[in-house]
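As structure tokens, one chain now follows by itself in the form predicted on its own.
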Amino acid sequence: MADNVKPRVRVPRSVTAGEAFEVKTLISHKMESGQRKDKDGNRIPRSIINHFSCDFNGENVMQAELQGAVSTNPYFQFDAVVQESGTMTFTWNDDDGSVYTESKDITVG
């Protein structure tokens, strides 16, 4: 597991059914490409977030596959539309098998 990994998510607490709203996510992660070497000349192993997904009430809203060229602290911003109240779940998968999740409840009013 990478050190000091912290997911952050910003979504509105309440939205109008059928209207688009903005979703912002950021995860603190070093995103080591596997190309650099440490002070002793040893290659630093690759450690990146390789997959991101967002689901609402179990249905996929957005997903992305990430590669080694992604910068530190990957940030995603996208619009979503929901018809009912529920939970939006965000999942980040790391090369080392670690899975980081964050959930936010959204109320349709």
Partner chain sequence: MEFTRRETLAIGAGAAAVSLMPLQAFADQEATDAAVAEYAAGGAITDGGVELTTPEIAENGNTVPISVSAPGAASILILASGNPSPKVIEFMFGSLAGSQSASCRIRLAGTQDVIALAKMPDGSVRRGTSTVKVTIGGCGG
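Numbering follows the first chain given and starts at 1. Not measured: the values here are computed from a predicted model. The term rigid core refers to the most C-alpha atoms you can superpose between the two forms while keeping them within 1.5 Å.
There is another form of the same protein, the form predicted together with its partner chain; it is not shown, and what comes next is about it.
Could you tell me if A20 has a non-hydrogen atom within 4.5 Å of its partner chain in the predicted complex? Close contact exists here: in the predicted complex, A20 approaches its partner chain to within 4.5 Å, heavy atoms only.
Go through 43-67 residue by residue and record those having a heavy atom within 4.5 Å of its partner chain in the predicted complex; state none if no residue qualifies. In sequence order, F56, E59, N60, V61, M62, Q63, A64, E65, L66, Q67 come within 4.5 Å of the partner.
Examine I44 after superposing the rigid core and state whether its CA is displaced by 2 Å or more between the shown form and the other one. The answer is yes, as the C-alpha of I44 shifts between the shown form and the other one by 2 Å or more after core alignment.
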